[in-house]
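Next up: just one chain, as structure tokens, the form predicted alone.
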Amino acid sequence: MGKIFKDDVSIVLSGEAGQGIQTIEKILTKILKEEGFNVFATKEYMSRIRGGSNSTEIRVGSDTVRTHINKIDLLLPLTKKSVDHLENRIDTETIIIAEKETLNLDNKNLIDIPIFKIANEIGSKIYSNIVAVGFVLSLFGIEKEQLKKHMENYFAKKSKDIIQKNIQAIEKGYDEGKKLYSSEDLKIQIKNNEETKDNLLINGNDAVALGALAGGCDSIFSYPMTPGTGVLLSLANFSQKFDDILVEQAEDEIAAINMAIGGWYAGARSMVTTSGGGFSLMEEGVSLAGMLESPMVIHIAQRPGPATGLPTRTAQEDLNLALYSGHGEFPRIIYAPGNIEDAFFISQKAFNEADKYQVPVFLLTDQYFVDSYYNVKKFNLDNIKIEKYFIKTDKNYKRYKITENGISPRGIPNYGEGIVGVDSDEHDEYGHITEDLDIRIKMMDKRMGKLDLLKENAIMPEIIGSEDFKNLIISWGSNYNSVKEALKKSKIKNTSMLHFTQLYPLNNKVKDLLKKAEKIIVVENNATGQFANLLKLETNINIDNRILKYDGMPFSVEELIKKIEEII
């Protein structure tokens, strides 16, 4: 066969839910990163506990790799259905590594490896996933003795018998792969380096959770909903090291957001995490936060709707939901981190901004973003500051004092002598209910007056490529790395990328950037172009070219290149 992969390889493992595909992903990426390789991993899975066809994609590169591609170099299926499931991604160059007889497969690029036979000899077919791990690692030229150390670390909390059987499985798989590697029939020659070993291997969930901690988050309230639950679980895990975090699974979403409002009122820094369906239930709470001028941080991991939709797939369909949530009018901030570093720093910033402006702040991610991970350099924490804006009150304290910029000094109950009165009805400066229509106008003007401040301080979009561009490709959220790699690999000229991390409100200077482009293309994962429509609304510039995808899967680099080149 004589197949040698250099610089970049895409490995896909697929099987039923319950066959340990996620275990393979975790072990492989952890070991590869610790051996100094750049890795990226993402998963797609069906909404079921057992059965179906799930897959995980692992890319390894000499340079950093950070996004999904359609191409499969090596496919390790654990069921025959897996091959059918991935049919559209398998081409004439894809090498399939499987036990031919058991899976009843016939492909000219099939390498027959007795994965299940080995696993059964060890004691159970459940070890087949670890046999596959050993096979893959052998192709990278990793020394066999390293495997034992890695497995002992990974299964440290398991019994000696389980550890030994897993070591046996990984070594048996390794021996099968080593035969091909030594004969140069199949090997992977990708550079590794010492610096990568010190990198963080982190996914979107952990990045948001760690950013929240860095922002002073001390309490999270949530009702489980995929994929938003991941941040709740991450903070629950981190709470073992940061013992001043309250992690509460509320009885429902309505309770969760009202608990968070109560947290901020009492001086805590609270957040909620959910997905579209759960957030629908939280909307009245958002409106309450708007009237109370309560800070709030809301993480929404988007998935396809309406209703239950495709609960384990990805989408960017909830921008409008966040933008227009809650009845009445009040200002808000919407962020959508584009990469892991963004997720950490923007999540941190969200708490300071919520506190400063006393508005709801949204963090929009999606299933693809929170479930994907890759290695990054350790975050630079030098400029991390927890900025708290509440004051010590005096006897004459007015919670809703009319100020020139619309921001009233925020007091905390029992911190000072003043009474911190708040009310969901319209109110006067003291927080007392009123139906005085003149006061109503003053309070509305005060609240909405913050919007000008928010626009002035809004994060400008990032330009990737020359500032002397002819065409602009606009992205937001999780499409950052996909568009970036697509532009890098495409042949198109005079084209730059403009990525928005803050979606609302927009900085007033955004319009000047858009006016410079002869052609603008917006890339997003929804059917209507929600952000393109928002850009038109805010800048009065037409966005005629839109690349939209709404089948529940992320964009691949290859399809973006094709679609962008078709338009330009």
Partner chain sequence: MNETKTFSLDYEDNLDIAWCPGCGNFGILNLLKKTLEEIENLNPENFVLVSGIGQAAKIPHYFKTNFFNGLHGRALPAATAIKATRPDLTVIAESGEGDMYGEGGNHFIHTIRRNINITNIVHDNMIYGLTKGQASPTTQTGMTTPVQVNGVILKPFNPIAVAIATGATFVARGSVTDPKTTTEIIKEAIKHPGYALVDIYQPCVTFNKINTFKWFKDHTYKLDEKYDYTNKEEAIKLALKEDEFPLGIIYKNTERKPFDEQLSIYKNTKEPLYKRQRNLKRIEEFINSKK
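In this text, all values refer to a predicted model and were calculated from it rather than measured experimentally. Numbering follows the first chain given and starts at 1.
Beyond the structure shown, there is the form predicted together with the partner chain, which is absent from this document and is the topic of what follows.
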Self-check item: Heavy atom contact within 4.5 Å of the partner chain in the predicted bound form, the stretch among 456-464, 217-225, 139-147, 77-85
Solution: 217-225
Practice problem: Tell me, out of 160, 493, 197, 488, which residue has a non-hydrogen atom within 4.5 angstroms of the partner chain in the predicted bound form. | Solution: 197
Quiz item: Heavy atom within 4.5 Å of the partner chain in the predicted bound form: which of 420, 151, 186, 113?
Solution: 420
Exercise. Look up in the predicted bound form whether residue 191 has a non-hydrogen atom within 4.5 angstroms of the partner chain, and give yes or no.
Key: no
Quiz item: Does the partner chain come within 4.5 Å of any heavy atom of residue 33 in the predicted bound form?
Solution: yes
Quiz item: Is the gap between residue 448 and the partner chain in the predicted bound form 4.5 Å or less for some heavy atom pair?
Solution: no
Quiz prompt | residue 433 within 4.5 Å of the partner chain in the predicted bound form, heavy atoms | solution = yes
Exercise. Decide yes or no: are 320, 469 and 504 jointly within 4.5 Å of the partner chain in the predicted bound form, with each residue judged by its heavy atoms?
Key: no
Practice problem: Taking the partner chain as it sits in the predicted bound form, which residues of 371-393 have a non-hydrogen atom within 4.5 Å of it? Please list them. | Solution: 378, 379, 381, 384, 386, 388, 390
